[in-house]
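One chain is shown next in structure tokens, namely the form predicted alone.
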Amino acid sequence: MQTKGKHRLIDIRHLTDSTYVLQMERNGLQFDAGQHILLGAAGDLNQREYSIYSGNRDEYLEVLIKEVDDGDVSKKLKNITIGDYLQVEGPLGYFRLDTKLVPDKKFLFISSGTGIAPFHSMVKSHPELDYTVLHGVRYGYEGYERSHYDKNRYIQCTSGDETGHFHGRVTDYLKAHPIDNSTICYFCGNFKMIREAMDILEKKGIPHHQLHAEVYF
């Protein structure tokens, strides 16, 4: 019998040398797209918050993780063996879509690095969504599973090379392009990016109540 909170690892997809997706048994976990979980190896007291990457209709549960130099949990999880168990607590958080607005509103998802994870979940969970993903990374190869998005709705901003759709940071893109002031905007990723992007959009006339943020680092 499955122990509550224990989820067996099904697969691991290595997207870059440092970034990977863990796929585990869902075990009936119910969540809203945008929420996060506390995750660690089974029996390990060290856990970290990760946004749920999978859609809420998927049979499995996924998270997108970047290994960091001082990240004890991200290093351990990268080397976990398929079939081993993970400890999951949650779901947690209030970073989610107002589903009443989904049929009629445009959504702009602004992310840096693995901050794209909750938006991947939102797009998978709501295929009818009228969305644009603005994804800021250093290099083009960091467009994590970009083929999962409608190619006309995914804009990659690369600051370290010119292989993206736009050369520069997401904040540079926002300064250079008009944004419909009825757009509902969500932000996830680097705190500095979020702060600057929200300021830019408010100056462009986007009301503050249409700006929703999730900060990770």
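These numbers were taken from a predicted model, which means no experiment stands behind them. From 1 onward, residues are counted along the sequence shown.
Below: the form predicted together with a small molecule, not depicted.
The candidate spot formed by 36, 65 and 117 is fully in contact with the small molecule in the predicted complex: every one of the three has a heavy atom within 4.5 Å.
This chain is displayed without the small molecule, yet in the predicted complex the stretch 49-57 from 175-183, 49-57, 22-30, 147-155 comes within 4.5 Å of it by heavy atoms.
Put simply, of 72, 104, 89, 98 only one has a heavy atom within 4.5 Å of the small molecule in the predicted complex, and it is 72.
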